[in-house]
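Take a look at this one chain, the form predicted alone, written out in structure tokens.
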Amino acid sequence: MIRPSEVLFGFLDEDAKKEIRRALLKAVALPGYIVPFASREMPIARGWGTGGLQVSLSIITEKDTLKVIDQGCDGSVNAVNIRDFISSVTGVPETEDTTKASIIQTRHRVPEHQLTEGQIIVYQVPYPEVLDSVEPDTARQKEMHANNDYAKLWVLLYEDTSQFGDSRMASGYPVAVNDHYVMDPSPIPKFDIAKLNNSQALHLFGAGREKRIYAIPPYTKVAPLTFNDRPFQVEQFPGKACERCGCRDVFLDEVHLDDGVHYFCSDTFHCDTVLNTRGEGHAA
């Protein structure tokens, strides 16, 4: 067990934190713009959340309360290990309560509870560049972003829609920020994209392996790329409800067991809250 007194607060040295904070400030000043940063080696493998971890360690203070989720779950291996590591090198209190957390680090979900002013949500991002699928040249990507030229992305969406009736992008669907930069919102489901629009919280995105940071400040317009004659469609679960709490208006996980397919809330805190409010065993 690492003791907070045995290492620098937050594991990273102060120069590293300053460099990451400068990148974060630029990202906040230019919503949706991808900022490079000198990603450090961390005590977890790249691809397992090093970008989000570095962002969290650079902004966290003794006054913060930490929550970490993986696919909405507080108890997954990734969430538990990252939460334990951050707590061990900072000493900050942990919580599973979304409403009490000042910093929420997440992998691929936005909490069901509405985030409020003063809260910061940090995303673990695997691939930050939304144009990678249509333009491999990085110099050309920068030029396209600067010129607000996303024609190739629109063509990709059109081809998907014409062949399959909707985009095949099940997660990380491209969004326009302040009607300019188009960005990858990390592999969150389409269901969560509406939560980014005009959110009261600060959204920070860190890709450690790709060495990139970007951000969505509070009260910023965020909209998915959609055609005028084709409404944006999110994941739906017709006729399904969480088998624990009975909720129907949330994102559900599909679990395949020996006795068939079951559905449960992806956000474990939300599910527990509903159960506690209604009374255990009295779900609708």
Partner chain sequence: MLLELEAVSKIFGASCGACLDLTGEPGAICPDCGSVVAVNRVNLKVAEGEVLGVVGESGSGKSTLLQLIYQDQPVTAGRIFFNGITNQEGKRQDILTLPATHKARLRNRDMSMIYQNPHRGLNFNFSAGGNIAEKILDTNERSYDTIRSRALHFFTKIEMPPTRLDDYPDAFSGGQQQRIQIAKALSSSPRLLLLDEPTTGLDVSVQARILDLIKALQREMGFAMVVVSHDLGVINHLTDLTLVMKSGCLVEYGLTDQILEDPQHPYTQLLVSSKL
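Positions refer to the first chain, counted from 1. Quick caveat: nothing in here was measured; it's all calculated off a predicted structure.
Missing here is the form predicted in complex with its partner chain; even so, the following discussion is about that form.
| query | Can you check whether Asn178 is within 4.5 Å of its partner chain in the predicted complex, heavy atom basis? | reply | Although its partner chain is absent here, Asn178 would stay clear of it in the predicted complex, with no heavy atoms inside 4.5 Å.
| said: If we define contact as a non-hydrogen atom of the residue within 4.5 angstroms of the partner, is Thr95 a contact of its partner chain in the predicted complex? | reply: Answer no; every heavy atom of Thr95 is more than 4.5 Å from its partner chain in the predicted complex.
| query | Quick one: is Gln163 in contact with its partner chain in the predicted complex, heavy atoms, 4.5 Å cut-off? | reply | Yes, Gln163 lies within 4.5 Å of its partner chain in the predicted complex.
| task | May I ask you to state whether Trp154 is within 4.5 Å of its partner chain in the predicted complex, using heavy atom distances? | result | Trp154: yes, in contact with its partner chain in the predicted complex.
| said: Only one of 114-122, 201-209, 144-152, 87-95 has heavy atoms within 4.5 Å of its partner chain in the predicted complex; I'd like to know which. | reply: Going by heavy atoms within 4.5 Å, the stretch is 144-152.
| task | Heavy atoms within 4.5 Å of its partner chain in the predicted complex is the criterion; list the residues of 197-227 that meet it. | result | Residue within 4.5 Å: Phe227 only.
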